[in-house]
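Single chain ahead, written as structure tokens, the form predicted alone.
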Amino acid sequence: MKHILVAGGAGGVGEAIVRALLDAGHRIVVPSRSAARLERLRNDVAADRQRSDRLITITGDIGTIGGAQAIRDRIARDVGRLDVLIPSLGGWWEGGLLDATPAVWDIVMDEMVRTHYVFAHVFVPVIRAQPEGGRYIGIGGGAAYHPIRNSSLVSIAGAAQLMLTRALRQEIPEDAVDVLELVVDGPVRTRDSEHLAGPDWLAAAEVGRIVVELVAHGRTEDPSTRTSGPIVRMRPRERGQGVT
């Protein structure tokens, strides 16, 4: 059993990752500013006492240095070690690039880039200081590679997020922290996007299954993925293939 911090674990894709990791027998810590989202997550696993006992939720703001440090200190006190860090952080924005005001730019970059920097800044030193090291698995989207019309800021932020992960990989010895990035190269069907999902959308549970493999082995042999160094990309499904 590994001790895993999933930032964004109360969000759409994040909660599927949390469920998959709990099913695999791990102990999971999920912080969120939203007590309501954490309660929804806890209600999902409450019927299973063994899973419920392995889910630790913390109300707090992991997007600020002070908030992240407070969460770090509580984890050190109540949980102990951390073996794996998984930032599943981000959001969405629609509008033309030149229509975005500087204030909107700041909001999107803060939510989609700065939070990843704060997370890495506060928590990577925790697992790096452990004799056995640990693993960092960033979760990103295909917008990092492909500009999305009318969502340009998401693409720009996604590219910055991906480069942050690559920079971590370059700067930190692999025997201290194994840094990986899972790029979900297509839309994901979550409980909140179920009404919008098409037949070619990836199911959130599939993302969770790949994360479980990366946690266990640092790699995956799943045919829906392709790998380039530390970057693992999940391909969108062909139309008509369906999802589970």
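Being a predicted model, the structure only gives us computed values, none of them experimental. Residue positions are given as counts along the sequence shown, with the first one as 1.
Below, we turn to the form predicted together with a small molecule, even though it does not appear here.
For the candidate spot formed by G134, D175 and G229, no residue has a non-hydrogen atom within 4.5 angstroms of the small molecule in the model of the complex. The stretch from 74 to 82, 88 to 96, 165 to 173, 119 to 127 that comes within 4.5 Å of the small molecule in the model of the complex, counting heavy atoms only, is 88 to 96.
The closest heavy atom approach of G218 to the small molecule in the model of the complex falls outside 4.5 Å. Under a 4.5 angstroms non-hydrogen atom cutoff, the small molecule in the model of the complex has G63 among its neighbouring residues.
Shown alone here, A20 lies farther than 4.5 Å from the small molecule in the model of the complex, counting heavy atoms only. At a distance threshold of 4.5 angstroms between non-hydrogen atoms, G67 is out of contact with the small molecule in the model of the complex.
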